[in-house]
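Shown here is one chain on its own, the form predicted alone, set out as structure tokens.
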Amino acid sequence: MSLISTILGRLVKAVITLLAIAVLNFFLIHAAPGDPAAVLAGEAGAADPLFIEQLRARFGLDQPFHIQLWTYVKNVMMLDLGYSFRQGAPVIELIADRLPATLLLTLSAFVISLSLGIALGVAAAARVGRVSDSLLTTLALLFYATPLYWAALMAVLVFSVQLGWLPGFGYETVGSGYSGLARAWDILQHLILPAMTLGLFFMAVYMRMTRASMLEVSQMDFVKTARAKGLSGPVIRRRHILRNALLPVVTLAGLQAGQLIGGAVLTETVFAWPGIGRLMFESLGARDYNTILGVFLVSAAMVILFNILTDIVYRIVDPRIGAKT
């Protein structure tokens, strides 16, 4: 099967999956306790029953459940995620405004975790049984066992409050008026702490997977043949062991790429990073159904996209997969 046919097949499945997720999320959100109209009426200081009913009618919350569901699914198929009654703006605009920040954070954390994980995993496998191997393995276990929110708080306390090396909160310096390279440098400084905090947690997983996979591949017959031919250790590790050892790492990275979005909710909240994770956290307290559903749907779409990209990368790393499908 060609790569284009594979991608088209994945896209069709992705659309069906997203529609199923949209329906499931609608059921789950509306099963949660709380009334958005009552929340809005309370904020307006007028919580009488008539005002609440007017709000419910205004936002379609007085309609039967099946009508609300059909209206939502129909709008989703037309790429309309509804209107945020809490923030007074279309949900698609709110998400589009916050999505670049989340993509910047998650992609940076993904690159940090994968590159450091593979590099440290290769180093540990090359020094298996030595003190340096034990230190790297212990370090990875420490990062993995540390709660993400606690690591984020400690990073702010140490590197921002105590040492003053990096800004601890926000996307950029408020009121700075920076532009061009100065603004990019300012954003980069604000990005370092949240990206490193999120990336180091997942780095531990990739490091241990790379180490275990390389040790397993190094015992295979084709590696022994390469040694018998007189090839040097670095060449064997790079050309024969690492390329085959990366296959399970790539699979795991694709699966965990979606988890970065979940981790971004905590990270964005602690660091006041203006992404869709923080938008969802803010919308939960306000019972802003449309915004919550929109964030869930976009997050699911990102997870599915990461999985499709993983399939493509997998075929590039191991062309034999394309020949089998």
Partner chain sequence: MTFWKRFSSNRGAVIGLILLIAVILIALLAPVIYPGGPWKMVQRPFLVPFTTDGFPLGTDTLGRDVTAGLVHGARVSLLVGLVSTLMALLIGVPLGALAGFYGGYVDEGAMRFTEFFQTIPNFALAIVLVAILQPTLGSITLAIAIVSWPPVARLVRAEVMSLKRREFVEAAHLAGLSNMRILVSEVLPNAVSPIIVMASLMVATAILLESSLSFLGLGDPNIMSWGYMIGAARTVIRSAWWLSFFPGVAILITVLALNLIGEGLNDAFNPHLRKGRT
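The shown structure was predicted, so the numbers you read here are calculated from the model rather than taken from an experiment. Numbering follows the first chain given and starts at 1.
Same protein, other form: the form predicted together with the partner chain, not shown, and the subject of what follows.
From the list 135-143, 170-178, 86-94, 192-200, the contact stretch for the partner chain in the model of the complex under a 4.5 Å heavy atom rule is 135-143. A residue is said to contact a partner when one of its heavy atoms sits within 4.5 Å of a partner heavy atom; residue 80 fails this definition for the partner chain in the model of the complex, lying far away. At the 4.5 Å threshold, heavy atoms of residue 68 stay clear of the partner chain in the model of the complex, well away from it. Contact check for residue 17: a heavy atom falls within 4.5 Å of the partner chain in the model of the complex. Using a 4.5 angstroms limit between non-hydrogen atoms, residue 237 is distant from the partner chain in the model of the complex.
Taken together, 107, 120 and 306 are entirely out of contact with the partner chain in the model of the complex: none brings a heavy atom within 4.5 Å. Contact annotation for 161-193: a single residue, 161, has a non-hydrogen atom within 4.5 angstroms of the partner chain in the model of the complex.
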